[in-house]
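Just one chain is shown here, as structure tokens, and it is the form predicted on its own.
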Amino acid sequence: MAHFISPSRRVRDTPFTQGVEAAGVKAYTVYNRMLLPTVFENVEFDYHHLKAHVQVWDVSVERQVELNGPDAAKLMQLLTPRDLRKMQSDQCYYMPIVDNEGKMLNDPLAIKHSDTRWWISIADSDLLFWVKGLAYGLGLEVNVFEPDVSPLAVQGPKSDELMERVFGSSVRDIRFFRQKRLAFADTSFIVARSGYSKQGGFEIYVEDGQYGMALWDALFKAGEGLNVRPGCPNLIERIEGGLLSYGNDMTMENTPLECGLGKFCKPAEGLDHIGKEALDLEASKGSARQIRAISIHGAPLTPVRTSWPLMRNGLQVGQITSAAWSPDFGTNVSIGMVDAGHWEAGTELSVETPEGPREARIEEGFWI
């Protein structure tokens, strides 16, 4: 049965929607009250193309929360257990943001412009309200708002070549999780070597939406001969690579330690952040559950709409949160949250799927 999204002012277009629709997008989801493409040709075709060529993704849904003012750095550090004190002004940091109980509120990318100006590039959530509330409640001298910034991603093994054609050879000098401001037309954009795939690429932070289609068209014109296509985050590829989806694989019920993000929560002398006591206690006692890569045997499965119970000896010991058939690995690949005592690599489990019970196995790690 086909489903449609009814247009309204509650679901905003992006600066690239005109190009996305002209390119034949076949499906959207709603993310941060905006349209996020999910399919162009089909999920498997898009997957193979992403791994071989280069795609341009409208990821404007990764809205920015800007912190601007003398207390911006202080507020940023309160938000996260990751130590930001040595972060340089050309770096991008992946960081968990937690509440007072150490539970995940978001897993954004932080972009530092200076000690007094930061962007938080968020996953799907109302994080803006949390940050504004903290700033007001603590009486901090910082302005918190959503700026007119819309990311456009270029992903795939030919992304360096395409980006060089548009931004010049200096784009190749940008290191992983670093960013540089590069000229485009009569303006300039922050360009970061980052993105929601394991195929390599960049994210371009388009300030002022009026430049959106000019950049979109420039990338496709420059991509002649590179087999450039429109694309979007690909379900199969992200599961193979262990890229977690906030709201799917982790929610406000989980801590970063449960989500495999412990390396971003290491205790540091003199570091104060919200949720510190709760995370320190969990680190000392051990987590009750953790994210794992899980293969599921049998024929291709339908996508996960509600979590699938993971069973062992008749007892539920976890749940599958994302799953897809992997053509390259010839199995259903999945991400699951597994209880302590059942997450060791090689452990045999069963999964209650809509197609019936299936045998499953905890893998050593993710596939790519």
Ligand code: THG
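Note that residue numbering begins at 1 and tracks the sequence as displayed. Keep in mind it's a predicted model, so treat the numbers as computed, not measured.
Omitted from view is the form predicted in complex with the ligand, to which the following refers.
Judged by heavy atoms within 4.5 Å of the ligand in the predicted bound form, the contact stretch among the candidates 157 to 165, 292 to 300, 68 to 76, 170 to 178 is 170 to 178. Checking L215, M104, L244, I274 against the ligand in the predicted bound form, a heavy atom within 4.5 Å turns up for just one residue: L244. Here is the short version: of Y94, F145, F129, Y136, the single residue with a heavy atom within 4.5 Å of the ligand in the predicted bound form is Y94. In the predicted bound form, the ligand lies farther than 4.5 Å from every heavy atom of F189.
Using a 4.5 angstroms threshold between heavy atoms, P108 counts as touching the ligand in the predicted bound form. Among heavy atoms of E203, some come within 4.5 Å of the ligand in the predicted bound form.
With a 4.5 Å cutoff on heavy atoms, R117 does not count as touching the ligand in the predicted bound form; it lies far away. Residues of 186 to 210 lying near the ligand in the predicted bound form, listed in sequence order, are G195, Y196, K198, E203, Y205, the criterion being any heavy atom within 4.5 Å.
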